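Only one chain is given next, in structure tokens, and it is the form predicted alone.
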Amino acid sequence: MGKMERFPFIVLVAGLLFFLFADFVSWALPMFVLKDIPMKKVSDLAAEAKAKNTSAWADFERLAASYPEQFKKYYGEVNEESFAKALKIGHRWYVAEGCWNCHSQMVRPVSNETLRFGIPGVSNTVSYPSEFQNELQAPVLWGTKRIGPDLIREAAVHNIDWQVAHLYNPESTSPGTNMPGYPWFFEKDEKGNIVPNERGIGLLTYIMWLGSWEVKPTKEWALK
């Protein structure tokens, strides 16, 4: 094999070795970083939300108070079990609707992302490993692009009333948005009012759970 023939061969082999090394690191490194962080079940997340009275728990109670007929019909009473059920349903529909295609769930420590997607008024809100160690982040929903904003701190950005209006008709809250409406997450009550159905309550619960562990103390968020 001549010199000119050996060089491309060496480059090819080196490229393959670097690719295999990078693949190994991307597989092995998370195991070392996360090995001492327990994987939380949805029931653990529900118990934690109630015990700490997080903003997600407060929003779940607010949904029950705002839409009592639908809430009682689909979820019964406000408790850890119904909260866990709503999180599971919301997560399933969030994935099924492909929300992660347009919204990421990871605030990185670059490009002023804490200002763009973090908690308003708080700079140190970058993502960290332990907040992804739970069943609702397995697999993780980091996304690949941001047609819409990152949502991992959404609990601190908009309140539940804004979320209801935005989900039904995004133009009503974000003029010019290319996000479509999701009317199939709503139904009419006995009075003809448009209210969230089982899927809608679940999705709203899941969205308002995102980042709620970082919102301290629990408070009412002003309409935006």
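Remember, predicted model here, so these are calculated numbers, not experimental data. Position 1 is the first residue in the sequence shown; the rest follow in order.
Although it is not shown, the form predicted in complex with ligand HEC is what the next lines describe.
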*Look at the stretches 42 to 50, 187 to 195, 173 to 181, 58 to 66 and give the one with heavy atoms within 4.5 Å of ligand HEC in the predicted complex.*
173 to 181
*Note which of Ala138, Val110, Ile147, Leu115 lies within 4.5 Å of ligand HEC in the predicted complex, where distance is taken over heavy atoms; exactly one does.*
Ile147
_Considering non-hydrogen atoms and a 4.5 Å limit, does ligand HEC approach Ile160 in the predicted complex?_
no
*Taking the shortest heavy atom distance, is Cys102 within 4.5 Å of ligand HEC in the predicted complex?*
yes
_4.5 Å heavy atom contact, Phe71 and ligand HEC in the predicted complex_ = no
*Taking the shortest heavy atom distance, is Leu203 within 4.5 Å of ligand HEC in the predicted complex?*
yes
*asked:* Using a 4.5 Å cut-off on any heavy atom, which residues of 77 to 97 would contact ligand HEC in the predicted complex?
replied: Tyr94, Glu97
